[in-house]
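Below you'll find only one chain, the form predicted alone, shown as structure tokens.
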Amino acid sequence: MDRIFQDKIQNLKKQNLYRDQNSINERLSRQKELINFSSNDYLGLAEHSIAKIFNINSIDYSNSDSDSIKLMQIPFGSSGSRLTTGTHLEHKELEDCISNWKASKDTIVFSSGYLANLGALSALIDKEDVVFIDELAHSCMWDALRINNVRKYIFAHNDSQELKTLIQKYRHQYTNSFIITESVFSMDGDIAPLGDLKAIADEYSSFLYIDEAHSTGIYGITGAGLISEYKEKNPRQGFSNLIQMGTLSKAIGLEGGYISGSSFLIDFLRNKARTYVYSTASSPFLMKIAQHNIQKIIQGNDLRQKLFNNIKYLDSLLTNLQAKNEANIKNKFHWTNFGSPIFTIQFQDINECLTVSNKLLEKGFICTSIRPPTVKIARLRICISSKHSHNEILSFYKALSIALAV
């Protein structure tokens, strides 16, 4: 399916509208010898590094092998958009790092996950194309579809059979088809049926666009996410129709977003994704830290093991709480967990949800209430981390029990 974007790139080249990332990379290699007259850094502050901001003059810069010294020299600001003066070596290194991690041909980094989804989907999908989207897909995906005003069909949450019925009925009427979903859903923590979705995408010549924001860093041998876990189990399948979106927030702990996919697809996005073309590039310093954190995730299986141990521990406590609650009809609640770090406790009464959240805050715990229109049913969204100790989880559980009056 690469041919679709290969043809679009060729058309841009014919019109002399193609922006060549390789020429930018070549310019990077000459960065120290060039004087920049295209930057938006009007006061020269973007080039400031940690060493310059804190006026640290006692560094032995001759010791070029020191990672900490190199880090202190990296500028905070990018000075422009990626296609003008904003691309730094750290951006390219991070994109290569993510591509290798995700087993993809190429990657493009955006300033946020929201901008990644907004820019990619609005660029990829034309008016003659069709979208099949999970009803609970993230709001930024819906925003991208509103921008394009494309034909879309909504399938019930994680219902691959309804998706197949819709795609059988409507796919043939359109040029290209996109199936859009999340691997781990942000508000419920449940997991998409990736195998079924991939089979449908293959059968009906469709792109499978998956938001891995809440999966990346957690699943797979190296923490690369549920798609990587799926690829590990199905190495003989082709993946040219797979488009992965992810964030540098969530498990990576910073800010930013990315799209990974085929070389032609990413090249096309560099030319046509407006939130990439017209946004100031992310901080080179943060790009370097992102590489560091990804390497820590790759090497940190112990962090993932601790996370899943914590998930099981809270799950066992909440199971006990639910059992106590069965006899307490007045304050009955519903909690869910699907094995991900996201738990929910759902309330029919919004005020009760807010009250419990405030009571937890009084006891020293942040547990945010999520209300309509973000979700249909008000809930506490509980997120477990590897940094939590069992004592902290137990204390939270006891405070929750009191707040729920169970």
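Everything numeric in this text was worked out from a predicted model, so none of it was measured. Residue positions are given as counts along the sequence shown, with the first one as 1.
Another form, the form predicted together with a small molecule, is not on view; read the next lines as being about it.
With the partner omitted from this view, the residue of Ser78, Asn117, Ser260, Ser206 that lies near the small molecule in the predicted complex is Asn117 [heavy atom within 4.5 Å].
A heavy atom within 4.5 Å of the small molecule in the predicted complex is found for one listed residue only; from Gly113, Gly220, Gly189, Gly86, this is Gly113. Contact annotation: the small molecule lies within 4.5 Å of heavy atoms from the stretch 180 to 188 in the predicted complex, the single such stretch among 272 to 280, 162 to 170, 180 to 188, 298 to 306. The three marked residues, Lys198, Lys231 and Asn241, fail to reach the small molecule in the predicted complex, with no heavy atom of any inside 4.5 Å.
Not displayed here, the small molecule is approached by Thr247 to within 4.5 Å at the level of heavy atoms in the predicted complex. In the predicted complex, at least one heavy atom of His138 sits within 4.5 Å of a heavy atom of the small molecule.
Proximity of Ile108 to the small molecule in the predicted complex: non-hydrogen atoms within 4.5 Å are absent; the residue sits far from the partner. Although the partner is absent here, Glu90 lies well away from the small molecule in the predicted complex, with no heavy atom inside 4.5 Å.
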